[in-house]
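The form predicted alone is given below as one chain in structure tokens.
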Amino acid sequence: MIQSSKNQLVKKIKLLQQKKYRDKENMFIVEGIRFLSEIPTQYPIAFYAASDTFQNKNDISEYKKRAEVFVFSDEIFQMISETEHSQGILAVCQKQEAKQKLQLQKNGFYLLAEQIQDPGNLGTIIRTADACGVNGIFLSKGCVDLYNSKVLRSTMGSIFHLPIMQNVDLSECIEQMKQNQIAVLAAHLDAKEYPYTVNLKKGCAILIGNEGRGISQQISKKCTQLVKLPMIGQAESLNASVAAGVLLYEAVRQRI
């Protein structure tokens, strides 16, 4: 059992809570029983970390079949956990980045995000996109790190269910989509049309902009069509993840 805060594994896990170290080591942390259950069978896991209490109360033999399990004292495990009420189990996984040149599908359904900053927003958008059956997600440069712990928890495991590209040049991505007859639809305050009158049954991509600034002028000019969501009440705009959900599910409604 690991009981010292100076142990090398303790230091490694703590460092992986920082983006620069996750990028350097090409690893990230997944925490919690349910989240761990979403990790695909063939997904590479470097090792597991379990608290002493978790080991005593649970059968960890299934974890041992996939990777080595290191047991930490409860006090030390709480030190390496990023959750306030930890369940006592986490996995250190190897990143499996989706290929930047995803083969676009005929009549495909995609989501693009420009500089989404809030981890909860990005995670929720990914989870909603997964529920809607999108074929891929493209995150622009300047988006919050996909492997941020709050992003991961908000995805509820959806990060493992679909290809997600990071640090994408959106201008280039949109041009490629247009060449493949995929219409790029974006919510914009200056739009004249609602999404309910736009044909989303064919290949399409939904673009969501930054929480504060919205979609940049450069990118909005490249979109196939701008739409607006009806604001019947006094609010001027919607949360980015809510707007994404409304647009994605309009496409789903049309496609089913």
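As the structure is a computational prediction, the values presented were derived from the model and not from experiment. Numbers for residues come from their place in the sequence shown, where the first is 1.
Separately, the form predicted in complex with a further copy of the same chain exists; it is not shown, and the next lines address it.
Heavy atoms within 4.5 Å of a further copy of the same chain in the model of the complex are found in exactly one of 23 to 31, 200 to 208, 54 to 62, 223 to 231, that being 223 to 231.
Proximity to a further copy of the same chain in the model of the complex holds for all of Thr128, Gly133 and Glu250, with the criterion being a heavy atom within 4.5 Å. a further copy of the same chain is not shown here, but in the model of the complex it comes within 4.5 Å of a heavy atom of Ser237. The closest heavy atom approach of Val246 to a further copy of the same chain in the model of the complex falls within 4.5 Å. None of the heavy atoms of Ser140 is located within 4.5 Å of a further copy of the same chain in the model of the complex. Among heavy atoms of Gln115, none comes within 4.5 Å of a further copy of the same chain in the model of the complex.
Applying a 4.5 Å heavy atom cutoff to a further copy of the same chain in the model of the complex picks out Tyr194, Tyr196 from 189 to 226, in order along the sequence.
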